[in-house]
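As structure tokens, one chain now follows by itself in the form predicted alone.
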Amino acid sequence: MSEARRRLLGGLAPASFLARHWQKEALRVAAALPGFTGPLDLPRLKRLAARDDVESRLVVRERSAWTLRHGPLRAADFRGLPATGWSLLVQGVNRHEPACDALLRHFAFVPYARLDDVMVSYAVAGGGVGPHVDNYDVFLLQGFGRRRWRYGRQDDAKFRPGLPLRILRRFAPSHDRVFGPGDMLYLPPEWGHDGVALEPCTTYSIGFRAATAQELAIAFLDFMRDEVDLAGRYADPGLRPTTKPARIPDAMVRRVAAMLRALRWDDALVRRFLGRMLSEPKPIVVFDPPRAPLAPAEFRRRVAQRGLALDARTLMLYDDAAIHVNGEPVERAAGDAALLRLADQRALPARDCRRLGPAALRLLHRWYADGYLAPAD
């Protein structure tokens, strides 16, 4: 294990961090990334917040009043802001900024299936989003400037009514620390926290996805629509006359219940469902196919010389049965080890590209034409 990874986790190996802290206990790490001030400044964040394919929010607090504006944000949204008490939050910056995508990969000791994205928060003095809880794990890495974090487990997770933000009604922090550039805080789900800027600053939030059981059930039932192929049709050959024609017969309920009990799923079906769901890009994500795509022969020559890399927006996962790219499953075949390395490392060096077979190259060229990957620069 690299010294940088150990420093990132406060001297812990990933296995020790996961055993001691993951979803259990907060961890404060001083100088997790020494010298880190973050690659983004306010002008760049404003440009990202103005895009239609980027989620952003502008939060303003003036005394006890909170206002929230959702992006795309224009220059007029920033005019007339108070000197203190406001924050700009930009979601998914790793999909647009290579340096932020590289930051996300520091946390690849957690499966990509759990990694979500990097959010950057810029705040002036007094800026923040109020005390709140997140339903997922998060690493909060301080960029430039200083932010005061108060945090701790909460007995009361109810929110104040009538506000545009989910602010805790009663916040009882057990820790109070000031974080400077390169310092980091890990928080498990449901830990209350309140970050207030002491001066203009940025915070990089590395978040992890964690769907609720209800969300998984709804998504799975939607997935099942394309997987179900039940035989037969409703029939009632023993039907008798009724004097209550508006009543749904009990026999009909029993027959339909018996038909629906034919619905079955196994681990293989759940595996396909997870592969598609977890690799499906968010609706806001848009891919940019090459304007003048290389012909297959030129593509092969180019990647054999330079290698290739996944687009930062591409989600590529795999399991024992398939490789999943942006919601598209491809059945695994013999000799696809290079594709698995591409998924794990997000890039494939030229030497590996030169060993690719015709089928893998055709698949990669198709993904290239869709904007999912490109020859390395």
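This one's a predicted model, so the numbers in the text were calculated from it and none came from an experiment. Each residue number is its position in the shown sequence, starting from 1.
We do not show the form predicted in complex with a small molecule, though everything after this point is about it.
Colleague: Which one, 266-274, 93-101, 202-210, 282-290, holds residues whose non-hydrogen atoms are within 4.5 Å of the small molecule in the predicted complex?
Modeller: In the other structure, the partner sits against 202-210.
Colleague: Which residue among 89, 118, 184, 73 has a heavy atom within 4.5 angstroms of the small molecule in the predicted complex?
Modeller: Looking at 89, 118, 184, 73 one by one, just 89 meets the 4.5 Å heavy-atom criterion.
Colleague: For the spot marked by 129, 134 and 140, is every residue within 4.5 Å of the small molecule in the predicted complex through some heavy atom?
Modeller: Checked in the predicted complex: all three residues contact the small molecule.
Colleague: Do residue 151 and the small molecule come within 4.5 Å of each other in the predicted complex, heavy atoms counted?
Modeller: Flag for residue 151 set to no.
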